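As structure tokens, one chain now follows by itself in the form predicted on its own.
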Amino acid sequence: MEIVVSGEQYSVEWDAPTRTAALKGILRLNGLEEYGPIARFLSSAVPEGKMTLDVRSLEFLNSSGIAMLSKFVIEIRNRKTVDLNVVGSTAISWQGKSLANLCKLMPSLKMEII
């Protein structure tokens, strides 16, 4: 995996062969503007086909980060050219509730909480 965006406590890694973006660490950025580099990368990563968003190693995501992911999911839904799969972890408490809400935004989204 190649690190495409990183900060002191987080990284966004990209695996081109599997079309997987992995968010790792602790994301406590201030507002959607600070999430801009991550949002821009996610939006441009896969113009069509399948994509996996792996957040199993994302320990914390604040409300601005959840808003960024929600906007990304809505964008993918509106494009109608990307099949999105989100993989989360039962070991990280915030993921169960927050990730389930993404399915409401994009009913065709495939969710795996393992």
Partner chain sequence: MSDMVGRYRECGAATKEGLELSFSASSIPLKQRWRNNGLSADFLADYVTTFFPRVENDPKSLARQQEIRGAVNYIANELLENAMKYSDEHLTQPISIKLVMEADSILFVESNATNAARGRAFQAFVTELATSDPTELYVTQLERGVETGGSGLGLITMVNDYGAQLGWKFDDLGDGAMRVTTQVLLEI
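Here the structure is a predicted model, which is why all the values come from computation and not from measurement. Positions refer to the first chain, counted from 1.
In what follows, reference is made to the form predicted in complex with its partner chain, a form of this protein that is not presented.
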item: Non-hydrogen atom within 4.5 angstroms of its partner chain in the predicted complex for each of Gly25, Asp54 and Ser57; value: no
item: Contact residue in the predicted complex, from Ala67, Val87, Val82, Ala45 (heavy atom within 4.5 Å of its partner chain); value: Ala67
item: Proximity of Glu34 to its partner chain in the predicted complex, heavy atoms at 4.5 Å; value: yes
item: Thr20, heavy atom within 4.5 angstroms of its partner chain in the predicted complex; value: no
item: Touches its partner chain in the predicted complex: Leu61 (any heavy atom, 4.5 Å); value: yes
item: Contact label in the predicted complex: Ser11 to its partner chain, heavy atom within 4.5 Å; value: no
item: Within 4.5 Å of its partner chain in the predicted complex: residues from 76 to 114 (heavy atom criterion); value: Ser93, Trp94, Lys97, Ser98, Asn101, Lys104, Leu105
